[in-house]
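A lone chain, given as structure tokens: the form predicted alone.
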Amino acid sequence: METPEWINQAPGIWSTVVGKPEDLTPLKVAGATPRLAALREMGEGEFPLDPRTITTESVSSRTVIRIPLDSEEAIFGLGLQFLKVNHRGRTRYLRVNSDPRQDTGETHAPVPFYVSSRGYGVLVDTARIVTIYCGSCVRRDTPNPPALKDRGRDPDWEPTPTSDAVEIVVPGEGVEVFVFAGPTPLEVVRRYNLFCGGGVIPPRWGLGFWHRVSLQYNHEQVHAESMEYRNRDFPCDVIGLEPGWHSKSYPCSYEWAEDRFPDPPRFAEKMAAEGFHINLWEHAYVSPEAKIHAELEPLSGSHTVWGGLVPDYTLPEAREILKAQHEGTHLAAGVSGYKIDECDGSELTGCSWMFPAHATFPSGHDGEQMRQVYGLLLQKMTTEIFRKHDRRTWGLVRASNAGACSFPYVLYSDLYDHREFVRALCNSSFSGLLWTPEVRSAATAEEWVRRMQVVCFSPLAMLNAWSTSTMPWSFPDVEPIVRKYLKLRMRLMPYFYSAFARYYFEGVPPFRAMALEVPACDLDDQYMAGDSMLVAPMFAGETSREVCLPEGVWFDFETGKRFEGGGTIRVFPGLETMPVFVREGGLIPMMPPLPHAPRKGERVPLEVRHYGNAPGRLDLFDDDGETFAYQRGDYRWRTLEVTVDSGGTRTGTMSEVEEDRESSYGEIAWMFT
């Protein structure tokens, strides 16, 4: 075994190169520039482990990294995990897979980055399938062997003995490993996000409500269904078109079906006039009938998927072909974004599809590598198209990896377990990922409401009706409740938008697990939304639930009822309410429940709620909401502040902007709870 030498790469971040790393890695694909100024503001930090205790070795064409563990240390992260929050004592096989139905570590986004409850993080930058033993294997020469137990006599016998180390196994001759300092788990995640370019700020319209129409709809049906939102007083910003918009799909042509969409620019213009943006479904496999097929054929892999080419998008010439086609055929027609499907692959019995690991590509990379980073490649290409036109986009993707936090994409799945969806929302925050617990269908009106409530407190609020033809009002008895939450989503846009701005500037996840609020807290059914709101979802069949409130005073978001934190409470909300709590001093800026998000240059009034008797402050992000001008310095932070005098009187103020500058916010009203 060898003890590696660690080199400081950025404040609080170190790396070591073990052996000979391969040239294709997630961080290189993402290609983000670290936000060094923001990292410097966090401070230098100290190397969080004893470097003498970290060892590496080469074993049977594999690179093994061994990192010590304390006995009570929890392990979080490792990408979009559905089944566990704390991975201590588990073995994780980090392969991209669209059907992660077992607790193996396979998932849509298997990010080889973990966060310790002790306040450090470890990233392995590789496009290979990594196996991580999270304290689940024991070396014979360990100085801390587990106590021997007799299964027949000891009631506390466990199948996984306590181990004193994480062992990371990477196929190949070498790898680069990064260590991130804390000292808290949240600061670890912030450093990781900032090192990967900072989080993303969506366009304001991306934070509105989304609806995906049925598979084979034509332009008239799409418009008619969309207008039902306006006629029924439900807000909606984005309409998603599913495979039927293509002239050919499975594999894809990327060209409009002329019989369904004879005039795409006119269709998009008509939709935009009503406040709707268009999002197009696609996958990566190119139909023989696509106009770009001939150009891409010599730039594609050895195997096909559904008869379509698998382009080698590590090659610049392949990327430029797809980007030019999308720019000319989609963006020129007014399209606002993409849903990138099936870039993950599946090996389920009876439903196996994807190019194999032994597939070859013109670049020299193999199928294993390509599959692990294909989602990243597609995100980056499509993002660059919109950036060229100074337009922000917001979309969906079904596979991702390390370094993705700066891409404007939210993960989704064809799985549909509601509790797993909430757990995924928690877990995504450890790894620079975003997740939507999208709504598709429900067995009962109660389940419908509970799913709608959760999705409205997530990075992307969407009803995906491609196969169900459901609408928010599909259960008439609960239509008012659903309308209430879709409108609440719209009202909270200033609060959520500012939380995403902190994601970009400071690396703070806008929606995050409780372990990033209270280290070692492995709750998987409640989470933070921004800095001040704690969300405790209800699930079908429940009439009450326990909520763990961190230290301090908390208030019910709707009623203002006061609760002492530092323990667990039980709440009994009716179906019309999902428990949401605001910490004392919290400021929640809200706008009117408009039919769609404000357009560039449009000003909206604010209602700012303040909770409790403690002073409070919130920095409200103010920019044009649509372009990348904020990255060129064209933005402002509007300071919302509440002071409390000696008599307990509360006064709210909002900082002004320069006279020659447009603001997104107009009159302000204060509400003290």
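In this text, residue numbers run from 1 along the sequence as written. Computed from a prediction, not measured in an experiment: that's the story for all the values here.
Missing here is the form predicted together with ligand GAL; even so, the following discussion is about that form.
J.: Given a 4.5 Å cut-off on heavy atoms, tell me which of 225-233, 382-390, 459-467, 555-563 is the interface stretch with ligand GAL in the predicted bound form.
T.: Result for this chain: 459-467.
J.: Among 451, 246, 398, 87, which has at least one heavy atom within 4.5 Å of ligand GAL in the predicted bound form?
T.: By the 4.5 Å criterion, the partner-contacting residue is 398.
J.: Could you tell me which one of 210, 281, 82, 581 places a heavy atom within 4.5 Å of ligand GAL in the predicted bound form?
T.: None of the other options qualify; the answer is 281.
J.: Consider residue 524 of the chain shown here, and say whether it contacts ligand GAL in the predicted bound form, taking contact as heavy atoms within 4.5 Å.
T.: No - in the predicted bound form, heavy atoms of residue 524 and ligand GAL never come within 4.5 Å of each other.
J.: Taking heavy atoms and a 4.5 Å cut-off, does residue 339 contact ligand GAL in the predicted bound form?
T.: Within the cut-off, so yes.
J.: Check residue 297 for me: does it contact ligand GAL in the predicted bound form (non-hydrogen atoms, 4.5 angstroms)?
T.: Contact with ligand GAL, no.
J.: Contact between residue 164 and ligand GAL in the predicted bound form at 4.5 Å, heavy atoms?
T.: Residue 164 lies outside the contact set for ligand GAL.
J.: Listed by sequence position, which residues of 395-418 have a non-hydrogen atom within 4.5 angstroms of ligand GAL in the predicted bound form?
T.: 398, 412, 414, in sequence order.
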